[in-house]
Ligand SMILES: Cc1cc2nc3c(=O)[nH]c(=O)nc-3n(C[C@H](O)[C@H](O)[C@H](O)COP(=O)(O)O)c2cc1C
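This document opens with one chain alone, in structure tokens, the form predicted alone.
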């Protein structure tokens, strides 16, 4: 087990952070958390640039339509990783991760990091919660912890060059980003408390004359606002929800396997 690791994560509905923390706690005695979706997060770029006692990071991101969210690529791209190593985790809702791991590895390699291992793990789908429901579960936890041990053993066995040996799936150019012309809406139980405004990582939500407004040009359908709403008023419109349920419903009975690459 390593002494310390920094976990950089973007986890709008909680699944990505859960996977990242399971790995990080099994991998290191001390975990420093950096929430890439937090307001004003600058990814501790200066701290990494200056050098700390931590020479390895874990980057965990959700998969949106086979890509990592732009907020993740932008903020990880701010880091200076010279002399540092990185483990990447793509977390997805039981469908596919496509170009996400490759994209995250490209971003971190471009920032100077040596990517030594990557994993793709399942969590409950953010838009269709009955897909991947309850995941990561106990079996997933055991597999994530086994991956952490394997990465630790790899680090112990290689003196200098620990670059990832297995080619992660994905294509260049990456697939086009996900575009769904919709946003969550606020139902009748909305109290305009502002929880959704405060949590939105792209500042897409505002309150005007006591009502919630969402800027469709800024919203990336991360669903953070639906998870944060204390009255469960924040939802996808019934028509959009029905379309998503139909599209992904067949995956309800499928248990997609976790994968990792060393």
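In this text the structure is predicted, and so the values were computed from the model without any measurement. Residue numbers count along the first chain shown, from 1.
The following text describes the form predicted together with the ligand, which does not appear among the structures shown.
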Original post:
Which of these residues, 164, 127, 155, 192, gets a heavy atom within 4.5 Å of the ligand in the model of the complex?
Top reply: 127
Subject >> Option touching the ligand, based on a heavy atom within 4.5 Å in the model of the complex, out of 31, 220, 199, 235 >> reply: 220
Original post:
the ligand in the model of the complex: within 4.5 Å of a heavy atom of each of 56, 112 and 151?
Top reply: no
Original post:
Does at least one non-hydrogen atom of residue 64 fall within 4.5 angstroms of the ligand in the model of the complex?
Top reply: yes
Original post:
So, in the model of the complex, is residue 91 in contact with the ligand at a 4.5 angstroms heavy atom limit?
Top reply: yes
**OP:** Report whether the minimum heavy atom distance between residue 133 and the ligand in the model of the complex is within 4.5 Å.
**Re:** no
Original post:
Can any non-hydrogen atom of residue 249 be found within 4.5 angstroms of the ligand in the model of the complex?
Top reply: no
Subject >> Interface stretch in the model of the complex with the ligand - options 118-126, 102-110, 138-146, 78-86, non-hydrogen atom within 4.5 Å >> reply: 118-126
